[in-house]
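Each of the two blocks below gives one form of the same protein chain as structure tokens; they are labelled structure 1 and structure 2.
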Structure 1
């Protein structure tokens, strides 16, 4: 294993909670590597093990098995080194509610023996948006502003690796877009970013993603690569009565599975299905039928991987 090239290296990581009878395996021997300057997405639902993974990587939890390095340092032996080199934005807002915006930022800068002034260029883009409120207590900020302050605090010591645990959960579509634009600009500064999310659509904004479920990695690839791995044909369909259409699709013998997918339903078909036969079958009872081939989406891939 060559740690020089990798910002993060995880080899057979196991994390277990509880004892004897009541054991929960949060991470069941996962392995992956993240290159310098990469945006690496950990995509998975609540309970997949995303937070446990982040806590091990940021040296806040000890692993129960496997070997993990960050920036070339071991998370168990060299935890002090790692803490100086990483930035961490936990899922839950963890700044001091009774300190002002500026006091919080100064506090974090001081802990890392630096100053706001010294690294201002790195956070300017983000911090300038909340700077007009620098005398407001952090507890009084709106959700979006708290998020920007937390990101500024995580960056103030110029970390080489940034860990963002579900930064966009509960955040609306507009703010989510803006947040990802900020991440792209940080990437340009050669900061490695590990970001977790439960929004499948954010996967496409990462360089590579790991799809995780119940403490296991289902697949690691580029977003395009994950889609290319999906070989089964998918049909998109809509009609006047969507519920009826869904039942018909699921009842069809050559359908593997059909499910709502926004405006259309997606039907994953068996290899030997015939498009015209499907159309004729559906036309019997579905008015205003529209049926076409669809390109799989990350969400299709994730659902397929979840089943197997």
Structure 2
């Protein structure tokens, strides 16, 4: 075993599906490292390669190129050691629907030769919220409760590294907020956490993030670091007819790109644009126009990196 300061090390990782003409490169030679006790986000849309990456990291898929270590152990040669050390919460709820909450948790504890009692202190903040329903079948739980049960099962053997593949997909906003508060508490116990998500707003909750698209890493930095690298002016606009407004923004000669952004459209402008000229242009055919400067966020940075 290599004594490294990194919990996860990925060097030129390639993952390919299919053969000959039907080959799909899910991961195209990506590299990154995750420090011990870090919350590291893999941020990208569906199909970016996030799940393939997590399945390689958790030894469920063999890499087709490169070298990957988790806690210093190689994912190919030392897969048994890695499986004893990591916790994995896949994107799709994969616990036993016909078993109760308590039966699921006991089952996973038994697999790792431990018990709920032995590691209860690690999961109590999470499990205590669903413990009143311990006799309910897992298939009858709400989305938020399923999420808490899956996380409890992934933690019951006290892993050193926790992999969470899109854990908040399909979960309500309150449960999403609670979930990230739980992750912060787990980090305080020196557990390294890798979490993938397509929700750009969750990037700001990580220590560092990797923005991924089509099996490539576009950027790795702290959330603030990525935003600080974005130097172009952005205008936020809305009007009575948002589709018409979007078309007008994209047609304007000083616009680099415009796209929907919540209640507004964001328009990335060329450096020499004139705000008053833009306003006058839009006012000609857009009623109830609201136009203002906007600060970039991770989504703006991601859109720009994808384009370039």
Partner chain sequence: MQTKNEKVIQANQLTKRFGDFTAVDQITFDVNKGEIFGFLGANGAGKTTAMRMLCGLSLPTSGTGRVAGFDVYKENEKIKKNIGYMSQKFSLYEDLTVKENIRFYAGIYGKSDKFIKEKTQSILKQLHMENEADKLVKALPLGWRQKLAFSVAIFHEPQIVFLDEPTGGVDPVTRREFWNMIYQAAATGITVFVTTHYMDEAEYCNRVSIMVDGRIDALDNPSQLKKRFDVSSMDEVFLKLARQATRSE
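Keep in mind that this is a model prediction, so the values were computed, not measured. Residue numbers count along the first chain shown, from 1. Just so we're on the same page, rigid core means the largest C-alpha set that superposes within 1.5 Å between forms.
Participant: Given the two isolated forms of this chain, which one is the form predicted together with its partner chain?
Facilitator: It is structure 1; that copy is the form predicted together with its partner chain.
Participant: Can we say the CA of residue 287 moves by at least 2 Å between the two structures when the core is superposed?
Facilitator: The answer is yes; the displacement is at least 2 Å.
Participant: Residue 28: with the rigid core matched between the two structures, does its Cα shift 2 Å or more?
Facilitator: Shift at residue 28: below 2 Å after core fit.
Participant: Rigid core superposed, CA of residue 105 - does it shift 2 Å or more between the two structures?
Facilitator: Stays below the 2 Å threshold, so no.
Participant: Superpose on the rigid core and then read off how far the CA of residue 246 has moved between the two structures, in Å.
Facilitator: That residue's C-alpha sits 3.9 Å away in the other form.
Participant: May I ask for the C-alpha shift of residue 276 between the two structures, in Å, based on superposition of the rigid core?
Facilitator: C-alpha displacement of residue 276 between the two structures: 5.0 Å.
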